[in-house]
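Only one chain is given next, in structure tokens, and it is the form predicted alone.
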């Protein structure tokens, strides 16, 4: 079955909305700096000798007129960004023409509101009995799902799908399964903004996953996936939304198809640890290509997972090489946006589609000494490129591997 993408919504540190975002994407913009949002840095009264956390944050969020200030006060930061982004995708796909009882909404990730919880815990320390009753609902992911369903008029189905940093693609594949079963006619998939606090950031730094002590005083150089001078991933706030439906359903209601999802594959390593798996990544690629009915030679462009991980980037390139994909153009979206964790997989599918539509590839930042020179890297300048078939990879802690094939 072929799946059509008929709507896109996007909110990132470099732009809100498709037009603003794509302009910034092809210009190679970035917003890396010391993180400023409340609860992101270690407490001021804590003695330590660590460098401040760096990353890319959304500086300003513009709200539609039909979201009231009362509604916004009850939503977390992740929830506000999700509502705005989902609305853009909904309108882009003209989903008002579809019966809401046949439309679903699936969120990517789990526990994506950690920062606001950490801020509340600190504010109420010693006064825990004054915890707001509403917290009993809002700490759950379903609070965001419920709000977005109410706001948009979704009555078909809703849930969240967790898969660590592969959550975005896992949620998309879950939505495809609902379309295949006939339970839904259309589904909106939300790649959720993962709102990290200093607790998660410190743990990821101590585990060796998070950069960058090395570029602490030069944040603009910190995000450098696949470069020999990388020292870990750099966090980035982002959220994406896709509307998908069966190609035949989109055609019947005369909805414009932005791209087609023709193949998808997942492979679970059976391993709770964060280490990557060469065989797991190759298996996900092989399954996606097989379902799409194509071979590696048909792929023009690869949008990789590449985070800046010392081991993960090297394993991923080896998986691509052993999957006969050395010929394809390749760039690194996380060098511009940072790592969005639960949102990353879906946001990078959106980036792939926008590049296919534009016939251009966005530049990569800080890719000065690529790990492997045999690949066709897009470096500091955008490139004109007609993409017929693209492959997008997503990988997560706990042995999560996924791949998706996209055509126009």
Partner chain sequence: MQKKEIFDLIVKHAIEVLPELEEYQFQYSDTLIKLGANSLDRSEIVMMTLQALSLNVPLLELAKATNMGELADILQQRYSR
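In this text, all values refer to a predicted model and were calculated from it rather than measured experimentally. Positions refer to the first chain, counted from 1.
There is another form of the same protein, the form predicted in complex with its partner chain; it is not shown, and what comes next is about it.
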Please determine, with the chain shown alone, which of 372 to 380, 350 to 358, 62 to 70, 29 to 37 has non-hydrogen atoms within 4.5 Å of its partner chain in the model of the complex. 62 to 70
Residue-level question: is residue 252 within 4.5 Å of its partner chain in the model of the complex, judged on heavy atoms? no
Verify the contact flag for residue 218: yes if a non-hydrogen atom of it lies within 4.5 Å of a non-hydrogen atom of its partner chain in the model of the complex, no if not. no
Is residue 129 one of the residues lying within 4.5 Å of its partner chain in the model of the complex, judged by heavy atom distances? yes
Non-hydrogen atom contact residue 311 with its partner chain in the model of the complex at 4.5 angstroms: no
Flag this candidate site as yes only if 74, 124 and 133 all have a heavy atom within 4.5 Å of its partner chain in the model of the complex; otherwise mark no. yes
Answer key: of 321, 159, 137, 119, within 4.5 Å of its partner chain in the model of the complex (heavy atoms) is 137
